[in-house]
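One chain follows as structure tokens, the form predicted alone.
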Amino acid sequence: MDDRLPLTIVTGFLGSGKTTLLQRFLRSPEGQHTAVLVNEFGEAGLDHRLLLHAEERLELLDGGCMCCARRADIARAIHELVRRAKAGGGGRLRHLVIETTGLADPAPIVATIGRDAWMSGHVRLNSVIAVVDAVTGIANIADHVEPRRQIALADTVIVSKSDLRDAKPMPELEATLRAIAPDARIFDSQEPGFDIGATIAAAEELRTAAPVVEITAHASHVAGWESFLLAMPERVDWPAFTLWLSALLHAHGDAILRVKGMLRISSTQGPVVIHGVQHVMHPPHHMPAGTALDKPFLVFITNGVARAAIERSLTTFLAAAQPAAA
């Protein structure tokens, strides 16, 4: 049984409505045992005042951005929250949410969790959720790199303010979002059936699912970014595959924003789900035997690394590994 504290990162550009959604979540049944770690850029902790009803469960980092030089502060705050979670008895914390600033890049936070041995042993990344404003979201994506990175790194996107008069139509928003993150789950926060509690608290289940849309052979492009799906062999040699993927991520660094896939490997009965953000690969998730998988796949979101180069590299590596496996 995995008793690590689940962590959800909520990100989104300036004014997207992150705090409003978190208020809704904290009022839901799933939010009752959640700690919120808020990061404020500058001296005024405005979000702290907005979240007064959650004061006992909240840690506030002032004076800096989580995506920059605040990793030690993040680690200390998470360490304290984990301590509280383990010492809290029946009313203990069961979930941790980090709300980033509007200009933050979530990748360094993900890296901090994945690379710190103590943290990875006590905290598991549940989901990265990006909030997108239906009124200004498309313009922000066109004009700023920060929201593009936030969306690309997310596995779930929540559209806010779709009820406002100037909101863009959802089909137009979805098309823009899918050009950046084709496998992300997209929710409209104003839909009557939208369940904020289940969306945030149970988001890990979404990360193990196949893409909800068919990604064509043609890559999607937004300002030099590409998102594409590679069909994988029916079964792959796991050691060879992990060696190739590690070398690929090491060689291209930040240019590969996210990789996700579901594979069949020779050593297990059920499919294996992989999920990585830039340099950090999360532990593979082994699905039960009999789990349906029509076609093994990998989904990449890259910036400056072409599909053809990755596909050629994978094909060459797997072909070279076959004689060694035999």
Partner chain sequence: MCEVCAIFGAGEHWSDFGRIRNERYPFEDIMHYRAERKRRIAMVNALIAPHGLACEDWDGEALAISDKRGRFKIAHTLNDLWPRIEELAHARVDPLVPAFLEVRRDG
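Numbering follows the first chain given and starts at 1. If you're wondering where the values come from, they're calculated on a predicted model, not measured in any experiment.
What comes next is about the form predicted in complex with the partner chain, which is not displayed.
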message: Considering non-hydrogen atoms and a 4.5 Å limit, does the partner chain approach Thr268 in the predicted complex?
response: yes
task: Determine whether any heavy atom of Pro283 comes within 4.5 Å of a heavy atom of the partner chain in the predicted complex, and answer yes or no.
output: yes
- request: Spell out, yes or no, whether the shortest heavy atom distance between Val145 and the partner chain in the predicted complex is within 4.5 Å.
  value: no
message: Does any part of Gln190 reach within 4.5 Å of the partner chain in the predicted complex? Heavy atoms only, please.
response: no
- prompt: Where does the partner chain sit in the predicted complex: which of 78-86, 162-170, 242-250, 96-104, heavy atoms within 4.5 Å?
  reply: 242-250
field: Residue (of Glu226, Asp183, Asp133, Asp237) lying close to the partner chain in the predicted complex, criterion heavy atoms within 4.5 Å
entry: Asp237
